[in-house]
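Before any questions on how it binds or moves, here is one chain, the form predicted alone, in structure tokens.
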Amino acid sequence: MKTYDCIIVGAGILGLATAYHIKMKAPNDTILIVDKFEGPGFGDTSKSAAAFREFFYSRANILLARSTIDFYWDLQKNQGIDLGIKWIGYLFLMSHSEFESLVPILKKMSREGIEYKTYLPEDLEDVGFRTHVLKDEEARLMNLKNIDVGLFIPRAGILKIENIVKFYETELKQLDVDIMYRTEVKGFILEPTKPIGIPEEPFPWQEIKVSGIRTNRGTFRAKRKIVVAVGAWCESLLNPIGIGVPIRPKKRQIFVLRAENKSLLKLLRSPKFNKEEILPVTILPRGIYIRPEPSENAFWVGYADKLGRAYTLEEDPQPEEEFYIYGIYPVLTKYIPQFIDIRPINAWAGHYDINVVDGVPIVHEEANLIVVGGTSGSGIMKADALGRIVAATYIGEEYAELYGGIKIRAKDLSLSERRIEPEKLVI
């Protein structure tokens, strides 16, 4: 049985960023990362739409996203590490009533230094969007709304998640962090914090700590702490030992649509919004999002489960053709008729790890174990900041210093001493 100072379960973006920052804080500590998949980020990290924004309601989410994005941008701009970052922005298409409901939030965003711009329906029609959908009887039957405003957030964009994962993994290997793939956690080792030497302990009346993991490749102990960074798998892994976190798996699916005609190429290569002359990540009414992939002359069209579909963990989630045909296509083609008769050339599915209470990430310590998750669909854009908060928690610091010098009280994201505003802009 091998012993490490720290064991991290999960080699997705959260686990890798956490290991990196723990090693920065405690360079002499030995660290083991285990993951049941074949490589780094092979779980839900690889299923991401690979887009980022700092446009949130909760100040905690704004700080987490801003700090992480700034760190990524520093790596690309100043350290020559290509992360594929393109500042193409986010474009929210909405009705007057939806925009009016956001006005208080926008005022709050402005105080946080987040810029935005609005576009009129005629501007959006020029790009290729259909704004007056209520002329269409089917659109009325579907209870769709006209697009009256385009809300553009310039400080947002797309990146290559595989490059960020590679950065962290490369750094960790150089720092002598052990990483074991194809290593599935089968259970945890529970021990009394003050053993008394009686067989069968720990007993219910003893104070218990989590001191190790049992895997398909052996048992490993942690002298200091264990970090669980498994996203949508949190509940299934922690429920058996009685640690409860309000994180639920929500399925999300992405379908790749090629720009097969001139009208779609014109939409994809729109020069109206950014220097890259690419359509922004666009959120249609009802929450369907369109993420351009210019290297493929394609659009990634995504949507997550809504009310009526169960919170369900799938070990190998697969895209559903009917979900596209009946859930996405009817709405997509009402607002962008250029997609009529366009069928997906590829598709994939994954999970969001939804914090069902307030939509803000969780960093919670209990019984010698730290849980990080509940990113609610925005883990990649908050991962580096969360890694720094976990590292501060690991070594017992009250405040974590994020990239750029921002400080945040580590326990503000805990369950026991939580102090955050609920998020109102979960896509």
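Start at 1 with the first residue shown and count on from there. This is a predicted model, so every value here is computed, not measured.
The same protein has a further form, the form predicted in complex with another copy of the chain, not shown here; the description that follows concerns it.
Query - Per-stretch contact check against another copy of the chain in the model of the complex, the hit in 225-233, 84-92, 136-144, 99-107 (non-hydrogen atom, 4.5 angstroms) - result: Comparing against another copy of the chain in the model of the complex, the contact stretch is 136-144.
Query - All of N239, P246 and R286 within 4.5 Å of another copy of the chain in the model of the complex, heavy atom check - result: All three within 4.5 Å in the model of the complex.
Query - in the model of the complex, the one of F129, F323, F152, F339 near another copy of the chain [non-hydrogen atom within 4.5 angstroms] - result: Selected option: F323.
Query - Contact assignment for another copy of the chain in the model of the complex, among I345, M180, L175, V356, heavy atom within 4.5 Å - result: Going through each option in turn, the one that passes is V356.
**Report entry** D305, heavy atom within 4.5 angstroms of another copy of the chain in the model of the complex
**Finding:** Because a heavy atom of D305 falls inside 4.5 Å of another copy of the chain in the model of the complex, the answer is yes.
Query raised in the report: So, in the model of the complex, is V256 in contact with another copy of the chain at a 4.5 angstroms heavy atom limit?
Result: V256 lies outside the contact set for another copy of the chain.
Query raised in the report: Quick one: does L415 come within 4.5 Å of another copy of the chain in the model of the complex, counting heavy atoms only?
Result: Taking the distances in the model of the complex, the answer for L415 is yes, it comes within 4.5 Å of another copy of the chain.
**Report entry** Contact of P271 with another copy of the chain in the model of the complex (heavy atom, 4.5 Å)
**Finding:** Close contact is absent here: in the model of the complex, P271 is far from another copy of the chain, nothing within 4.5 Å, heavy atoms only.
Query raised in the report: Within 157-188, which residues have a heavy atom closer than or equal to 4.5 Å from another copy of the chain in the model of the complex?
Result: Nothing in this stretch is in contact.
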